[in-house]
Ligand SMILES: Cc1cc2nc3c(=O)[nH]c(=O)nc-3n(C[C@H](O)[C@H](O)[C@H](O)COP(=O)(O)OP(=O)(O)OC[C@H]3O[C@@H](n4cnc5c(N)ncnc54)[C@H](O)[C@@H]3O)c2cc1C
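Just the one chain here, laid out as structure tokens, in the form predicted alone.
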């Protein structure tokens, strides 16, 4: 008897990722209703299949050998208003909904809250997992709750902001995302007729240079333009966008550690170059990972075989064509090692690694 949910065998996963890397899935299921999803999970249990969760494929690195067992891509994408007042609108969005399409919809309806998160590829369900953020705005600012399926017990629960415990590119969901938890839907609170968030220096300067009145639409268009210049808007015709976005997170250090970095880079700073530093809380500061990478002698366009650093953004690792995940992770390890030797900072990768065994950059030389 055929399964009661959409499923295919031996599916090339590389084509489902922005990196274009990774081997095949033994099975790929694309349920769009909770009944289909539960049937899919039960089918996997019956056949004793290892289970994987794939979102929009924009923040993931998949092993060259592919993934055995069952890969599930939750594609449900409905959205509807669940509460509204004169001040705000709460919208529940299913996890398979395209993130940027949601941002476009909110801007078109003059709803503020995620305009600076324009152009980010991927699905809504992945957004709270790592608390996506860009240009001075983060998901946690509009997040109300998420409906989460426990993949071990098949029970659902609501996770509010407190339970998610959001941090910089992190939430309590992240450590077990794709293995223990699946985000079914997310509820966000938008501000009706709200002012756009213009906090990020580069965005502020670009808007100030425009003679147009600042609006949600202008902020969205400007953010997409800035992202496109850096290869951070996925475009099949732009080789610099064949990446997983920022490969490393910007490190958050204590004031003492920041001073240690300054001491290590005294020769660079003596030339009049300033180190970008952003306060993020009492006794902590955030450094720019891209700046550290370039100070370690790794310039835009550096290549290792078929992979390398983007020509337009030092924080993106790109597949130049014909690359492998092995090449990519080896290059990432080289960057991590070189930055640590030069600056004392150990950069941490941002994408999720999917492989039949646990993988970290420590596995590569």
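Numbering follows the first chain given and starts at 1. Keep in mind the model is a prediction, meaning the values are calculated, not measured.
Keep in mind that the form predicted together with this ligand is not shown, yet the notes after this line are about it.
Segments offered: 204-212, 259-267, 130-138, 283-291. Contacting this ligand in the predicted bound form at heavy atom distances within 4.5 Å is 130-138. This ligand in the predicted bound form comes within 4.5 Å of no heavy atom belonging to residue 251. Contact check for residue 122: a non-hydrogen atom falls within 4.5 Å of this ligand in the predicted bound form.
Contact annotation for residue 233: at least one heavy atom lies within 4.5 Å of this ligand in the predicted bound form. Taking non-hydrogen atoms only, residue 355 never approaches this ligand to within 4.5 angstroms in the predicted bound form. Taking 331, 53, 37, 315 one by one, only a single residue has any non-hydrogen atom within 4.5 Å of this ligand in the predicted bound form, and it is 53. Though this ligand is absent from this view, in the predicted bound form it lies within 4.5 Å of a heavy atom of just one residue from 91, 103, 111, 182, which is 182. Taking this ligand as positioned in the predicted bound form, the residues of 56-70 that bring a heavy atom within 4.5 Å of it are, in sequence order, 56, 57, 58, 59, 60.
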